[in-house]
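Encoded as structure tokens, the following chain is the form predicted alone, with no partner shown.
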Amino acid sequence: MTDQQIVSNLIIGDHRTIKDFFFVRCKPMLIYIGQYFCQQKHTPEELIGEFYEFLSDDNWHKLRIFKYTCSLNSYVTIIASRYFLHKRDKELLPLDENIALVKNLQNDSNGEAFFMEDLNKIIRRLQPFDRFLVQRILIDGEKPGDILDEAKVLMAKDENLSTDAKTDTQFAGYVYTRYNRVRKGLQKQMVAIGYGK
């Protein structure tokens, strides 16, 4: 399905598209961003459900204004970053300060921009293969098994990479294990610069 088809199906409330988009395609990204900002206070299902409620609010207004100048996943990643940043800030402040902060943040997207800028700086420093894994699995929400052919091509082009995998199943295991290691390293680096504290 194209991004336009997914948006159209979400807006009309197609149950299968909603389930696939939030609980399969975007699940790793939403859990990753949600747990950075909200630490371990919420289950993955709570974070995803809460973000679904937010995005579907006002008859899916945020999707209706999407201009398709970037991928849908990138757009939703930015919205999720802003949402969970606001959520964290509201939980940290007393009620009267919350009101002032929310009014201020509605006119200022610096927090979200800084988060994405910091995340992109770290991603740019990764090896090309690891960058590919983060982009395709974490940001685009694809399953490791769906990107094996591209991963093999990238690995063949990089003389520094090698694996003892002899079957597709073994190679899928290698990709999944490597992705998890990169994701954990990314998380540690984000925590080190002040996110998720």
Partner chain sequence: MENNTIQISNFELLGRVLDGKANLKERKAVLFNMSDAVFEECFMVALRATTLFNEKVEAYETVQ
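Not measured: the values here are computed from a predicted model. Residue numbers count along the first chain shown, from 1.
Same protein, other form: the form predicted in complex with its partner chain, not shown, and the subject of what follows.
Across the proposed site, 4, 51 and 56 without exception lack any heavy atom within 4.5 Å of its partner chain in the predicted complex. Of the candidate stretches 124-132, 167-175, 145-153, 28-36, only 28-36 contains residues with a heavy atom within 4.5 Å of its partner chain in the predicted complex.
Using a 4.5 Å cutoff between non-hydrogen atoms, residue 70 counts as a contact of its partner chain in the predicted complex.
Mapping the unseen interface onto this chain, residue 88 counts among the residues with a heavy atom inside 4.5 Å of its partner chain in the predicted complex. Using a 4.5 Å cutoff between non-hydrogen atoms, residue 17 counts as a contact of its partner chain in the predicted complex. Residue contact with its partner chain in the predicted complex: residue 60 places no heavy atom within 4.5 Å of it. Taking its partner chain as positioned in the predicted complex, the residues of 63-81 that bring a heavy atom within 4.5 Å of it are, in sequence order, 65, 66, 67, 68, 69, 70, 71, 73, 74, 75, 77, 78, 79, 81.
Relative to this conformation, an increase of 3 Å or more in the Cα-Cα distance between residue 184 and residue 20 is found in the predicted complex. Compared with the form shown here, the Cα atoms of residue 186 and residue 22 move at least 3 Å farther apart in the predicted complex.
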